[in-house]
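The chain that follows stands alone, in the form predicted alone, written as structure tokens.
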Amino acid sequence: MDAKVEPQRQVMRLRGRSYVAFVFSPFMPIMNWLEEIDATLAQSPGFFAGRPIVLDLAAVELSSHGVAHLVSSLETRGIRVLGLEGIEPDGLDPKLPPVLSGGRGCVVEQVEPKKVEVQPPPPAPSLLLRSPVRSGQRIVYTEGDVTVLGSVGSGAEIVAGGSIHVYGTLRGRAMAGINGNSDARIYCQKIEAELLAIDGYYQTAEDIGETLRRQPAQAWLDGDVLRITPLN
């Protein structure tokens, strides 16, 4: 009689994967902060839908019930929280999103310059899109600049670690300097954007002056203020 052969057990495979997540940092009073969220959603409905959101609670003191209520308030606005930061996990409702650690920001370390021969810096990585970015498309390139030879349609989105160059009409959303690059800029030949953002500072379509609309323009950071000026 043949011996029974046991099926080979499959080994579970675990893999790491990183994503670009938006970090929300509430402030007190929470109702005032939620009003700012509502104002943003009123100007760009569905902007945060389906996006990874991390809630940084370091600046507020909330009980477990208060955290649960805040997460629920965001969910009613179509914002789902992926994880929490800036809070101890002890005593939190296990049904809440997990407390995350190890998130990386961009830190520039200043060191004394060494007397070495100056070499020209290597060219920054960039992404060139020869075709228009159509409505509903989302282009994410965190390594450097994004250049679009055509236009960016309404409802489309460009996310770049560096600057964004659009050689046509920018009707969708453009977010530059996503990794903390405050020197990034946004250029376009005709501005009709729904939202512009650099290093987390943004302006929506309602903030763009009528004299700038349908004109060549650039966006840049002046401290913590996003400026939009004509492109000469």
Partner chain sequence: MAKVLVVTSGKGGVGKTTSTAALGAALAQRGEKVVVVDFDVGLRNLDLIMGAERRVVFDLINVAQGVAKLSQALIRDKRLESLWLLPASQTRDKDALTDEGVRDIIADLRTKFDWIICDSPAGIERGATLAMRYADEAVVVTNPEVSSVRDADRIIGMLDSKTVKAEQGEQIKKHVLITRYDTSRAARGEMLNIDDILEILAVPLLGIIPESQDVLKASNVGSPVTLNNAGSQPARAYIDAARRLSGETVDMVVPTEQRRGFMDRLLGRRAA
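Numbering follows the first chain given and starts at 1. Not measured: the values here are computed from a predicted model.
Omitted from view is the form predicted together with the partner chain, to which the following refers.
- At a distance threshold of 4.5 angstroms between non-hydrogen atoms, residue 132 is in contact with the partner chain in the predicted bound form.
- In the predicted bound form, the partner chain sits beyond 4.5 Å of every heavy atom of residue 51.
- Contact annotation for residue 185: none of its heavy atoms lies within 4.5 Å of the partner chain in the predicted bound form.
- In the predicted bound form, the partner chain sits within 4.5 Å of a heavy atom belonging to residue 169.
- The single contact residue among 153, 78, 144, 83, judged by any heavy atom lying within 4.5 Å of the partner chain in the predicted bound form, is 153.
- Residues within 4.5 angstroms of the partner chain in the predicted bound form, judged by any non-hydrogen atom, belong to 187-195 and to none of the other stretches in 187-195, 59-67, 173-181, 28-36.
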